[in-house]
Structure formats: structure tokens, C-alpha cells
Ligand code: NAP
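Given next, in C-alpha cells, is a single chain: the form predicted on its own.
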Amino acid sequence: MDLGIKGKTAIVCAASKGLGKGCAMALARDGVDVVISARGAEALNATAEEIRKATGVKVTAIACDVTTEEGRKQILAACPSPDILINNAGGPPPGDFKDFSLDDWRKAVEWNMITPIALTKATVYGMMDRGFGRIINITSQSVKAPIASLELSNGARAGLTGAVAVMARRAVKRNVTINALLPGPFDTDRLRGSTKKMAELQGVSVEDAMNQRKTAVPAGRFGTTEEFGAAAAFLCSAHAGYITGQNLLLDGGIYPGTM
């Protein structure tokens, strides 16, 4: 399917690896020039070169911390008028509610709520003026069903979802949509790292811990970054202008609700 976005420009945050990289690659394969950001310059530049070789599109790599105002300024200086914005940032660490300080909560809100709101505010009105825009917030399955020990992430990501809900309905009249992708377990470095910690706590092998996690997924496997990227690319396409304010689960069937 021709997604109708060839020649558009996208900002993809936290795109050196994992879900962000999957989104950047999928958009690039459909002819979208991408501005990708991440903290680590070495991995980011390697990904930029990989995307260039695979697709031939223009790729601009901005090594910065998107959760800071200075980092966001660097990204927007490189791409002040994007057609597509994919907000993405690593989540705060797990823990016990009683141990979280107020500073922990402030950091979580800054990373996973304020940062995407700031980038959305900086870009959505230009998109509306131009008559096309797609904004995707990569959040978490915890928006639908809170995850124990991830209260920091649960709160910040749910807050973002509520914060943009009205704007999603306002902007759609100008062919600008705002949606969220809610990933469950995907085969990423983050999942492998958390599984290793789980194995250590349970006193089992990493392989056994991986199998435990897979067994909990009705699909019987983890998601791939390629299929996540494909879902994002469709939501960014010319065909998705009637989809806005939605939270799309990509979790292999874990969420048990009817709707």
C-alpha cells in the first residue's frame, strides 16, 4: 500500500534502537525524510547510516536528551516544521510506591508527560496551518491496565493521554491527528534488560525468565520492532486522517478487556 507520505518530514525521538528505530525505518521505507534523536551519538549515527543505506532518504541525527529543554531546541532547530512527530522516551525505573520521592515523580512527569506535550505544542499549530500532520505518542499498555511497580510510568503516561485528548479532536478538522501506540512486550534491549533483572530476582536462568514472559502473551511471542514501526507508519499515512484521539494496543492480546 502506498501510504501517501513520500517526501514528508518526520521527527522520531529515541530512535537509535528499539521501537523508535522501528518507526524511523518504517517511515523512511515509505519515502519520509527523518530527523532522529537519542542520547548516545555512536548508536544514533550507526542507525542513521543504516536507514540511509536501506532507503535512500535524508536522515538527520541529533544526539541530545529530548527530556531537556535544550535537547528539544536542538531537534526543532533541525526540523522546525515537521509533518510527522513521534514522541518517545524511556520510562522511569520500577520500584515500590513507598520508596518514590517527589523528585522521582517530577522526573517521571518531565520525561513522559511534559516532554511530549512540549514537542506537540511546538509543532501541532504549524501542522494545522499547513493542513497535514500526524502525531504519535509511544506510551505503554499500562495506560489501559496499570502495571505493578511501574507507578511512575503509569501516572505520567496516563496524564499525557488525558492532556492531548481534546487537542486531538480540535486538530483533526485541519487533517492533523494525535494518537498513541501502547506497546506490550517487544523484543528490545529494554525488555532483555528487565528480563535479566527478573531472572536474578527469581533465581532462574534468563532463558527460563524469557519463556515465562512469552507464556504470558496470548500470541506466544514478543512483538518485533518492524511490526511496531509498520503500525506507526499506517497511523502516519494519508489513509489515517479519520483516526484521532485513539490508544492502540500492540500487546499480543495481553489486555483482557472486551474493549
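What you see is a predicted model; the values in this text were computed from it and never measured. Start at 1 and count along the sequence shown; that's the residue number.
What comes next is about the form predicted together with this ligand, which does not appear here.
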item	value
In the predicted bound form, Ala15 touching this ligand (heavy atom, 4.5 Å)	yes
In the predicted bound form, Gly91 touching this ligand (heavy atom, 4.5 Å)	yes
Contact of Gly40 with this ligand in the predicted bound form (heavy atom, 4.5 Å)	yes
In the predicted bound form, Ile84 touching this ligand (heavy atom, 4.5 Å)	no
Candidate spot Leu19, Ser140 and Asp189, all three touching this ligand in the predicted bound form (heavy atom, 4.5 Å)	yes
Options 96-104, 118-126, 180-188, 160-168; stretch whose heavy atom lies within 4.5 Å of this ligand in the predicted bound form	180-188
The unique member of Asp65, Glu50, Asp208, Glu227 whose heavy atoms fall within 4.5 Å of this ligand in the predicted bound form	Asp65
